[in-house]
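Before any questions on how it binds or moves, here is one chain, the form predicted on its own, in structure tokens.
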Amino acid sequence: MKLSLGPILYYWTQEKLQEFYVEIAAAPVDIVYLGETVCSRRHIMRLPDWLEIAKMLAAAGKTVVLSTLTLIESESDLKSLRKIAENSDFMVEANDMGAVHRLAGRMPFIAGPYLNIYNQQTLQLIASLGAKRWVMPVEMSLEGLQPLQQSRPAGLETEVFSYGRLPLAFSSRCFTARFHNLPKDDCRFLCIDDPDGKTMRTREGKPFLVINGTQTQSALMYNLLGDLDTLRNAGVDVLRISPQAEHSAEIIRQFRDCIEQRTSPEIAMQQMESVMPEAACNGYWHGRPGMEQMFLASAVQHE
């Protein structure tokens, strides 16, 4: 079973990004996804900058994948998509059907988690267009995944989002700008002040959602480390970890140690509590509301 590090979903400074990926180059992760998937206005990193980081990671033995935007809104977004699709050095993760059709017949690609692949027919179609791997939609359960695994095309790998704030929805509106009473076109890039997004809480003070520019995320941290056996038994090939502002390398190490049976999921889950921004949840995997946490016998329940 391989580990992947998904694209950074937040807006970080160039210095922080470079330091982060230097650390990741030494981390025990197999696949690294790079690029902006949330908002095209985030322009600190251009494609040549991402390619430089990609080359550094490839030299460190990582398989690098370039990710595309999830919501294409303008001609400039299309131009960026074309440049990514036409690169000849790295595979591409397609996060909308425009990217799929741009890549189909040209090169193998990764079908991202936002393509709404929920049944065997859609999975067959994506594979026929050239997908080498597909990423299961984050709200799909083990029960929903099993029939797709039983009928998936030969040679097609399955990747599951296994750690991080769940990317729940995208909008043409910018929620961060709205929070600051600013229009989207004059957002002042204030999301850079929230390296893990801005947490929204209920009236009782409980974490509910996180706003991240045009993206809405779960406030709780989706964590399937305790479900490693069911992931393995379901034939999942790759577990995806979504980056956070601090301790991502530690999260990767905990997953790696469990995969290679150097430690137990129970112990690893306890150790991870101190480096997670919020409590864990895994409800979707169990066919339950996403905010719920189905616990190991030794775990302490979070409400």
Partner chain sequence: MPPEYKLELVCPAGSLPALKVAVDNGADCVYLGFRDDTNARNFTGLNFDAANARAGVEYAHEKGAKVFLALNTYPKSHGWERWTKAIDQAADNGMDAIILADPGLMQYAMRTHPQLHLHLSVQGSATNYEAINFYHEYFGIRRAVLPRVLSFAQVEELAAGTPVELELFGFGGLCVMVEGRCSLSSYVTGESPNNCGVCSPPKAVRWQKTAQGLESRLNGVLIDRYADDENTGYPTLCKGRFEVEGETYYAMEEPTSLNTMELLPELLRIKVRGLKIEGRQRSPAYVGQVTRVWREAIDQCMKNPGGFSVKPAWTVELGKVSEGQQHTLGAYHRPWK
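Residue numbers count along the first chain shown, from 1. The shown structure was predicted, so the numbers you read here are calculated from the model rather than taken from an experiment.
The same protein has a further form, the form predicted together with the partner chain, not shown here; the description that follows concerns it.
The candidate site formed by S74, L78 and R203 is fully in contact with the partner chain in the predicted complex, as each residue has a non-hydrogen atom within 4.5 angstroms of it. Site annotation in the predicted complex: the residue of C174, I84, L231, L225 reaching within 4.5 Å of the partner chain with a heavy atom is C174. Of the listed positions (L220, M136, C191, I110), a single one reaches within 4.5 angstroms of the partner chain by any non-hydrogen atom in the predicted complex, namely L220.
By the criterion of a heavy atom within 4.5 Å, T216 is counted among the residues contacting the partner chain in the predicted complex.
Contact annotation for E23: none of its heavy atoms lies within 4.5 Å of the partner chain in the predicted complex. In the predicted complex, the partner chain sits beyond 4.5 Å of every heavy atom of D89. Taking non-hydrogen atoms only, T70 approaches the partner chain to within 4.5 angstroms in the predicted complex.
Contact residues in stretch 104 to 123 (any heavy atom within 4.5 Å of the partner chain, taken in the predicted complex) are A104, Y114, N116, Y118, N119, Q120, Q121, T122.
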